[in-house]
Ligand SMILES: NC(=O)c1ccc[n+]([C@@H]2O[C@H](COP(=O)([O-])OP(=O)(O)OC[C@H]3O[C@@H](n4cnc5c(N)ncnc54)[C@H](OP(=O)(O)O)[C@@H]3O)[C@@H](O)[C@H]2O)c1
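As structure tokens, one chain now follows by itself in the form predicted on its own.
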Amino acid sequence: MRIAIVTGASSGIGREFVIQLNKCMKTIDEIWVIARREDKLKDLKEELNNIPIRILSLDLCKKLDIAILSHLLLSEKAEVRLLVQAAGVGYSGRFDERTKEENEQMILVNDAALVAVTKVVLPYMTNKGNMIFMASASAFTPQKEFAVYAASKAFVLSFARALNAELKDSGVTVTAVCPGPVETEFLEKCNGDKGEKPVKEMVKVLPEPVVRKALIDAKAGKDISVYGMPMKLVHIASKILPSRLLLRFM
């Protein structure tokens, strides 16, 4: 069975990936959508009718749920054409203002679960298959009041680029997607009652073009996908300016 897998599919960018894949991906038999909120996945499935959708209500931070995914891949003799890892969590604010649980959750969801899923799915990736990892423009430089989240996304970016190099001869590519602020439920939860900072409000984009560019860049074998001129400029600045200077403006 030829499949695509999307984690974090219940909302935001993950949900948008499923919508666009349902329209354009002709070489798969089924899309496996993964998230904890089964009701949201059912709503998504009802909206789409082009490619069959399989709902997997899993918490990827739990070893048992990772094992369930592993067993399912084996039993279905899956051929994974595309893996999109869009599950993520973020909290803004000073490090000492966030709880121990919140800081640990960002690392578990954004990093540990992503690595665990990659390890399980990689043996089932087909030649010319693609992996897409949702990182963030926050990965380009440290950010005050976003310390753990930015660091967790820097891990994703580094891991994706290294893995892409390791898999060069296998035909499997890995692309890290690094958007700025995106108009999603995730952004609302991340900011909480504080609201969006004015500068980030100015550069906020919709998920549709971010996902569209990510799919194009993944198909082209690029190890990084950055949508929009503002974030491209941030990426360039992170390469030539010292972190202490960027910290004053980010």
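The numbering used is simple: start at 1 and walk along the sequence shown. These figures come from a predicted structure and were not determined experimentally.
Note that the form predicted together with the named molecule isn't included here; everything after this is about it.
J.: For this chain shown on its own, do Ile3, Ile31 and Thr126 all sit within 4.5 Å of the named molecule in the predicted bound form, going by heavy atoms?
T.: Heavy-atom distance to the named molecule in the predicted bound form: none of the three under 4.5 Å.
J.: Select, from the options 168-176, 118-126, 87-95, 67-75, the stretch whose residues sit within 4.5 angstroms of the named molecule in the predicted bound form by heavy atom distance.
T.: The contacting stretch here is 87-95.
J.: Can you pick the one in Val109, Ala154, Leu82, Ala147 that has a heavy atom within 4.5 Å of the named molecule in the predicted bound form?
T.: Exactly one listed residue reaches within 4.5 Å, namely Val109.
J.: Is there a non-hydrogen atom of Ala214 within 4.5 angstroms of a non-hydrogen atom of the named molecule in the predicted bound form?
T.: Contact check for Ala214: no, nothing within 4.5 Å of the named molecule in the predicted bound form.
J.: Report yes if any heavy atom of Ser11 sits within 4.5 Å of a heavy atom of the named molecule in the predicted bound form; otherwise report no.
T.: Within the cut-off, so yes.
J.: I'd like to check something about Leu44: if you look in the predicted bound form, is any of its heavy atoms closer than or equal to 4.5 Å to a heavy atom of the named molecule?
T.: Leu44 lies outside the contact set for the named molecule.
J.: How about Ser225: is it within 4.5 Å of the named molecule in the predicted bound form, going by heavy atoms?
T.: Residue-level check for Ser225: no, no contact with the named molecule.
J.: Where, within 53-72, is there a heavy atom within 4.5 Å of the named molecule in the predicted bound form? Residue list please.
T.: Sequence-ordered list: Leu58, Asp59, Leu60, Cys61.
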